[in-house]
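Below: one protein chain in two forms, given as structure tokens, structure 1 then structure 2.
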Structure 1
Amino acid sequence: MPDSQSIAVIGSGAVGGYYGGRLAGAGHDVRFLVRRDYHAVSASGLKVDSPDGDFVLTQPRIFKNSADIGPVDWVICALKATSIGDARKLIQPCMAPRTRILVLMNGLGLEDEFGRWFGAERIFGGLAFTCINRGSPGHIHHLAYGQVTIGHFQDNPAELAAAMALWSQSMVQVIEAPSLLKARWEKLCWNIPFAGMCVAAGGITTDLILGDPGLHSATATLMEEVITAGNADLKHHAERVLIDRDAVIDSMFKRTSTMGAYRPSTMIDFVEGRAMEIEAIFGEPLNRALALRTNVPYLTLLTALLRSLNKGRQN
């Protein structure tokens, strides 16, 4: 059993609540910053339904202000990427000289921001492959999958080992990413084409993409562009291992064909009228692709459309 660590979960929505709950179950001192559901969790605790085992935290340590959380060993930032503007102020009171931060959020470039604010050496990225929704206040539904790929922002193996140790007694499967940047781009190889097309084609599920020759073909072309842009960005960052184009395309389409009528989180936000994480998932990859002069016409048009569809939406 490793040392119990103190952990601040900033952004206790479905993802923060679920993974924070799993870390509490592993014996860590987890303190949740809770805004929307404070009264419900205070009264009835945090309930989680999960294929890996239901659980209830009857008296979780919950806080309305991160100043009351105070300095911790680890910050897990699970804000929606559209709330990135709030992150620095919310996290600052939790920082001690050796505090580490796991950015458990969607999209590209977020760790760069955190690194500028708090120092690159203490920043990690977490990529959750999961399907988790909020139910009634204080109730989280973990529906499927759940593994988290974790990388260190500077790809320091000793630091990465420390991050893996944090999860060792949890029910969560964690996977080491030797290159965080490559892991981020590989996730985008699915998210940009599939989530993007599911939204732009009218709020449809992934099976309808696979079943329509025009959408299927456009999705494959988008994936090609993302791989091209990702490899240009990886080279630009002096990474030696690039994305394996054919293997990634093959595995992404094969995996999607097993997912049935899957609703990507961006598509759920779209059909439910909430703000979508467009800049983190589409805008920043596009900006890098254009800066590196890669040819990304589909990504350019798609991002312009998604930005328009996202106008005026609130979290």
Structure 2
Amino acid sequence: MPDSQSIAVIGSGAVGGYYGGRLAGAGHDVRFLVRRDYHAVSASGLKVDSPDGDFVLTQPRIFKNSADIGPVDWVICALKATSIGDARKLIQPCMAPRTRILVLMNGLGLEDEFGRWFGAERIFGGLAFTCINRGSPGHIHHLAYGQVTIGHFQDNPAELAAAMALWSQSMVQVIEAPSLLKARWEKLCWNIPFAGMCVAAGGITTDLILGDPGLHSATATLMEEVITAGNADLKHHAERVLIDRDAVIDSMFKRTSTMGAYRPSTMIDFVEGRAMEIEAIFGEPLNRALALRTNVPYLTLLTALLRSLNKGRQN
């Protein structure tokens, strides 16, 4: 069994709580930054319902502020992208000379920001393909899937091996991403069309998109635009790998057909009146597409609509 590592989870919502819980179950020293649900988790622990096995952390190590967590081997940042402005000050107290950071967040360009703050060599990107929602305080509902794709910001194979070793006993399927940029764009091939259309159609679930011919067609067109933009960005960054259009489209629609009436997190934020992660998930990909003179009319229209819907919302 690999040596136990100390891990700070910054952003202990559904995603951070679930994956942090799995790492704790693997024997790591996991310290959760918990603000909103601190009293509930302190009283009743962290409960997870999961098709891969329910579990409860009866006495998780929880903290109200990151200064009390202290320096660790790893930081897992699972904040919403709308809280990117808080990330640096929350993570800084947890940093030691050899601390590594896994950015387990949705969107594009996030690792660039973390690299400027803490050094690119420390930074990893994590992409969770999972159906997971927060229930009552301290209760997480993991519904399906759960794999995490991990890449190193500088695509360093030795660093990537260290990240993979962290998860080796965790019951989480972890996939190596030799190109983190490609992995980010492939995740956007689901997030942009499905999450975006769930909001644009008024706050509906993914099954209704699949069942409506017009929405299904628009979602497919959006996905094709994201793939085109992603491949243009990969070429611009001199990457040697590109997104396989047909394989990705087929995979995304097949996986979504097994999710049932799934509510993407962006749609949940929309219907509950919270700020949505528009700039990281939609705005930055659009900016890159336009800078590279890529024709993305559906993405342009969708992003404009979502930006309008997002005005005035608070985190």
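Not measured: the values here are computed from a predicted model. For clarity, a rigid core is taken as the largest C-alpha set superposing within 1.5 Å between two forms. Every residue number counts along structure 1's sequence, beginning with 1.
> Is the form predicted on its own shown as structure 1 or as structure 2?
The chain shown as structure 2 is the form predicted on its own.
> If the chain is split into two rigid parts moving between structures 1 and 2, is Glu176 assigned to the same part as Ala87?
Looking at the motion between structures 1 and 2, one finds that Glu176 and Ala87 are grouped in the same rigid part.
> Would you kindly give the rotation angle of the smaller rigid part between structures 1 and 2, in degrees?
After superposing the larger part, the smaller part appears rotated by 10 degrees.
> When the rigid core is overlaid, by how much has the CA of Asp207 moved between structures 1 and 2, in Å to one decimal?
Here Asp207 registers a C-alpha shift of 3.4 Å.
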